[in-house]
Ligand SMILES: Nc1ncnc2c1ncn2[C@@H]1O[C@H](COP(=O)(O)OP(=O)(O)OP(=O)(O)O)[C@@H](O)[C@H]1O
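Next comes just one chain, in structure tokens: the form predicted on its own.
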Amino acid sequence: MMTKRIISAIDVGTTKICTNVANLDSGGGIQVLGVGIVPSHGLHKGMVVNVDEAKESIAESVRRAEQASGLRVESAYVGVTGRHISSLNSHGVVAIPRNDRLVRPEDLKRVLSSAQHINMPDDRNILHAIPRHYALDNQERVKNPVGMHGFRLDVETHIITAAIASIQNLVKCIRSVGVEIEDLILEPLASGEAVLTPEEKELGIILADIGGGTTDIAVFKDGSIYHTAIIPVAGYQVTSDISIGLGLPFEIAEAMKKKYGNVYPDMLTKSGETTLSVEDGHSVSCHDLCNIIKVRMEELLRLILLEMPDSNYASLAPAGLVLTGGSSKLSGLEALARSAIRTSTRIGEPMGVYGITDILHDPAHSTGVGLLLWGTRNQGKPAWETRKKSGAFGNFVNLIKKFFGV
């Protein structure tokens, strides 16, 4: 199957919408040709709440990316998040019926389909079913059993489900601006592509993408996804606390957070700043501003730990914690996390692309860059193509097609 040379991605976030257009060079590198970033309207905590406003924001983002690249965005990889997302690990098993007992690719499809037979409400469906590792007879932790011999094939699978209505609303907004969807990808999976190294994924690491409306969590272990979760607390709540606590309009509170935000009040007061001026002529206490931010971020770090599938997170993720997303840029957050969680911590910036990337070398764009990387690495085998004809996700795709009359 021929690989597409032009690839696009749309990160539909709570505070911004970013469309990236890139070219795949002859060496497999990703050259970013155009970026379109606009404020997000019509979304709350990662979900569409006003279709018309969301459509206008997406259309403007796509238009700017097309103008910058000189190319038409016909299809794109699209990020998905929101509190409607849930996940679980599932086990599948099948027999190898042939006389030679040789595992073939179709056996992998059968065992993956077996793992997807889970009980779900009618309003939910599978977004991703990602094999973590296989077992062949008594041999465990097999990465790729194709070509091996055995009687019984098992698979441990990480299954991510989503609310059908929420996905329908997002799909409707994207398609209404003339863009087809190559694949829907859970955003922390995409961010992991952009900011984590293969060694970190193999050893075990926690990724927390702190955006505007949600904090998206992914735990990687043994080179694959182990656990995912979405926390409906992020940068928006920090700004809201500042607005309420200091009596500021929300927009001014957001500007103050971005300009002066620090989780350690002493770091600013030592520089001689004890009061900070705001646009309406009032002033606020530097200590009060930073203390509000610190309390909220400490709470968020505790929520991240509560979402871990194992209380012994140090053993689960020896490589530590990587923070990314726009709200991870708060000064002092890395040190706060390191002391609060007592594990190695770093801020993850996207990597793996070149071209018009000055603006993209920023934690706020980890998901957008990660969507390009995911699309490139999975071209020819997108998440929904392997499940289009059968299985739970096939029903989901058919439902979307029926909904839109295509």
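From 1 onward, residues are counted along the sequence shown. From a predicted model like this one, the values you see are computed outputs, not experimental measurements.
Form predicted together with this ligand: not shown, discussed below.
Check: Hey, in the model of the complex, is Gly348 touching this ligand, heavy atoms inside 4.5 Å?
Finding: No, Gly348 is distant from the partner.
Note to self: Would you classify Tyr264 as touching this ligand in the model of the complex, given a 4.5 Å non-hydrogen atom cut-off?
What the structure shows: Answer no; every heavy atom of Tyr264 is more than 4.5 Å from this ligand in the model of the complex.
Item checked: this ligand contact at Ile30 in the model of the complex, heavy atom, 4.5 Å -> Because no heavy atom of Ile30 falls inside 4.5 Å of this ligand in the model of the complex, the answer is no.
Note to self: Taking this ligand as it sits in the model of the complex, is Gly326 near enough to touch it, meaning that at least one heavy atom pair lies within 4.5 angstroms?
What the structure shows: Because a heavy atom of Gly326 falls inside 4.5 Å of this ligand in the model of the complex, the answer is yes.
Next item on the list: Mind telling me which stretch in 199-207, 70-78, 314-322, 213-221 gets its heavy atoms within 4.5 Å of this ligand in the model of the complex?
Entry: Among the listed stretches, the partner-contacting one is 213-221.
Note to self: Using a 4.5 Å heavy atom cut-off, which residue among His227, Lys172, Arg110, Lys257 comes into contact with this ligand in the model of the complex?
What the structure shows: It is Lys257.
Next item on the list: Name the single residue among Ile304, Cys290, Leu330, Ala129 that comes within 4.5 Å of this ligand in the model of the complex, judging by heavy atoms.
Entry: Contact with this ligand in the model of the complex is made by Leu330 alone.
Notebook entry, point to check: Does any residue in 39-63 get within 4.5 Å of this ligand in the model of the complex, counting heavy atoms only, and if so which ones?
Noted result: Only Gly46 sits within 4.5 Å of the partner.
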